[in-house]
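Next up is one chain by itself, shown in structure tokens, the form predicted alone.
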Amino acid sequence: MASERQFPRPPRLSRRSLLGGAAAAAGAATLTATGSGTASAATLPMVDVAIVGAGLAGLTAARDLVAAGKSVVVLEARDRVGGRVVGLDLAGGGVTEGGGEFIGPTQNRIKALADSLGVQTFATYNTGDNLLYKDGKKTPYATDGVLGAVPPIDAAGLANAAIVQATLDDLAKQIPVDAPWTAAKADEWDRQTFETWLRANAVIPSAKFLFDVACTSIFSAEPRELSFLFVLFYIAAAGDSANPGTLERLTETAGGAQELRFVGGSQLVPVKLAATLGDRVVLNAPVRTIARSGGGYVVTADGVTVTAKKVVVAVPPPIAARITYDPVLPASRDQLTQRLPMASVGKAIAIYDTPFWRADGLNGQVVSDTGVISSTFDNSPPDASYGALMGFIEADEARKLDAASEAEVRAAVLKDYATYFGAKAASPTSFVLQRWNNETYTRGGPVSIAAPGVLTQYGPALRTPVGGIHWAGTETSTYWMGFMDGAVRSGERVAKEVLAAL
């Protein structure tokens, strides 16, 4: 297994320590909630801004506001920072990613943040062949085909898939990323699901299969759950102001959103960012109410109360909806959050003495038409001192297993791994599982999704402040919604918004 030097894990967070070793090294103080609704709960001095959520969005906003000379408190429900970015400890030492882990071209803001904190990247392992498992047959295929890493389906299906892909990219160029509901054909596209559109356009079964897998891999949702307008926006958002978004950038490893990983695990980024904020970050403090009071707001969390001039809510929309607001939010905002559920996802990582599949000429990436796991990656550390296979449990498959025991999930996952990579895959040295559907303060992932009618009817409420309450989080980003980069962008945007309002 990897040593701490080779693939160090981020410091663990606890009630006693805000940031573990990182905070101690930085000389940071600690704030933790003292109790749930007790008389001894701490009341902090008034601050300029109270931020709800210590994920990348909330922490980035806090960084920028502090840099501008504003006083800030960040209230986090969990006993750790990072939100949907979390490191999972391995039995033999080291860490693997249980949430967001990949970055790629045009994801400039997360890369700049990581660089500023000294968190390095390395290339996702992509040497050797991918595997297609379809109709009970395994077929290796190269990652540098005409359309990238395209599974070897029949010629008619490949031709149909190429047309569909080009059409999606062309339509996405018509979407204003800051207001997709204003696109010329927004009403038409928002009246249908992605499934309806695919059935009319991906007319060859093998082509439809490819887009079904792409959909669950990108959104952790089935095509029938998604507005076609939402899908086009998501594609348009996979770029930046100089580079239009493309489906390829969402799905590819080399040259795409899965190109790079972080040395030491992705949670190092929020951990190190939080360390720069010191005792401004309060853990174990789920926010229950945000109430207008005079010219500011009283934010009440378990064990701590904060009075602030402005509030930033930087948690997923369904979680933000569980906070009690006084006065109540406008109907448009509340109706929006009622209609933006989290998708369904889990990550299963099996650890082996070596990445043995590499010796077989495989890169650890699978596309499958069956099983609990339909897509996998090689999650080994950069020095390959141990092997790690990571598989996504997504959409319908994730929901089927929500009530299953961890042992049952492990058995189902390892059965799939053995099908794809042989008998060795059935006997890992350890196994870790992250089930986002069952996480109290997330309840799914990687992102909130929109069904037909949501964006055109309620979209404008997504970022519109309500009095002194401002909204952040990856769901509010114009570029890279659903990704770590989108979270960072939203934090930067909301900080500017709040500074202009103070």
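Note that the coordinates shown come from a computational prediction; the quantities given were computed from them, not determined experimentally. Start at 1 and count along the sequence shown; that's the residue number.
The protein also exists as the form predicted together with a small molecule; that form is not presented, and the subsequent description refers to it.
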query = Heavy atoms within 4.5 Å of the small molecule in the predicted complex: which stretch among 42-50, 457-465, 440-448, 65-73?
reply = 440-448
task = Just give me the single entry in Val263, Ile323, Ala114, Val432 that has a non-hydrogen atom within 4.5 angstroms of the small molecule in the predicted complex.
result = Ile323
request  = Name the single residue among Glu252, Glu101, Asp169, Glu195 that comes within 4.5 Å of the small molecule in the predicted complex, judging by heavy atoms.
outcome  = Glu101
message = Check Val315 for me: does it contact the small molecule in the predicted complex (non-hydrogen atoms, 4.5 angstroms)?
response = yes
message = Considering non-hydrogen atoms and a 4.5 Å limit, does the small molecule approach Val287 in the predicted complex?
response = yes
message = Taking any heavy atom pair closer than or equal to 4.5 Å as contact, tell me whether Val119 reaches the small molecule in the predicted complex.
response = no
task = Would you please decide whether Ala214 lies within 4.5 angstroms of the small molecule in the predicted complex, comparing each non-hydrogen atom pair?
result = no
